[in-house]
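One chain follows as structure tokens, the form predicted alone.
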């Protein structure tokens, strides 16, 4: 079995219908390859638990190696959660409504134990109307914004997220929505703040999305986040379906209202394929799902080999409501502030060439 195949089986450990892990320890070369994959895919904690349960055969040296890497992963998690508490508290004190996303929330609410889930940064969701204020709060705490804004007000109105970096390199991603472009613009953002679940971190109660919205965000992350999604992201999707009380029908119906049924279908197809899970009605639905022409075009911007930020935002033009909104969106894309250009394209000519190339990608996706 290749390292990728073994890692897929490890990612599914503990879930119904999971494939078996190797029943004899890997040799040193194969273990070294698997170890690299586990670290990259943030699967060391799951592998550690699989070895402890006897589901993954390891030597004593391999077991010690896993435990050491698990400890390192959890040390980073503890550091990130301290930063999360500081940022969350500062935002709430400033009157900003905020929801913690991804790792810290799903680890506590959707996995057997928080130590099963590793993560590498802090993700916070705030309402668009409070986005700029939230950015000022993080900047006042010493974090530096990674890229300048295309034009004043663009991020709060149209953007997905902005990355803030602290002095020691810790990242806080401040989100307005789940994705760049058409799919992110279709999300009902008000619905994400009408109710919340709560996680307790360091004795503090922290608001997060309700389970249905956590699942949908996991699908967006798995289907659109990286061209080759991390296995930990696919495990999140599988865990929601197989190991929680998720109302999948309600989640799919909401995704359809957002124009993102194809996102959920792609996330489920990738999850069942990469993790080698037994057949399940959710996966069967995903296989049968037929995406609309608009969804196909939007997916191409995220999944094509020529995918880029530019292709994703260009594909989003059709999702912006109103002529005035579309004009503001396109103007920001084609004629952004020079500070923004300095960090990305360096000139308006280069920006126009990138926009034209992105348009070709979008048109091919619609063909």
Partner chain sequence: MARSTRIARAPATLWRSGPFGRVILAPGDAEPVACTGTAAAVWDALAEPLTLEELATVLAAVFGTDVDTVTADVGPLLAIWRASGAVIEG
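Positions refer to the first chain, counted from 1. Only a predicted model underlies this, so the values are computations on that prediction, with no experimental measurement involved.
Quick note: we don't show the form predicted in complex with its partner chain, though the next part is all about it.
The contact residue chosen from 79, 140, 94, 253 relative to its partner chain in the predicted complex is 79, the criterion being a non-hydrogen atom within 4.5 angstroms. The partner is absent here, but in the predicted complex a heavy atom of 67, alone among 57, 327, 32, 67, sits within 4.5 Å of its partner chain.
Contact annotation: residue 119 falls within 4.5 Å of its partner chain in the predicted complex, judged by heavy atom distances.
Using a 4.5 angstroms threshold between heavy atoms, residue 71 counts as touching its partner chain in the predicted complex. In the predicted complex, its partner chain lies farther than 4.5 Å from every heavy atom of residue 157. Although the partner is absent here, residue 75 lies within 4.5 Å of its partner chain in the predicted complex, judged by heavy atoms. Remark: of stretches 181-189, 198-206, 147-155, 219-227, the one touching its partner chain in the predicted complex is 198-206 (heavy atom within 4.5 Å). Annotation for 44-59: interface residues with its partner chain in the predicted complex are 48, 49, 52 [heavy atom within 4.5 Å].
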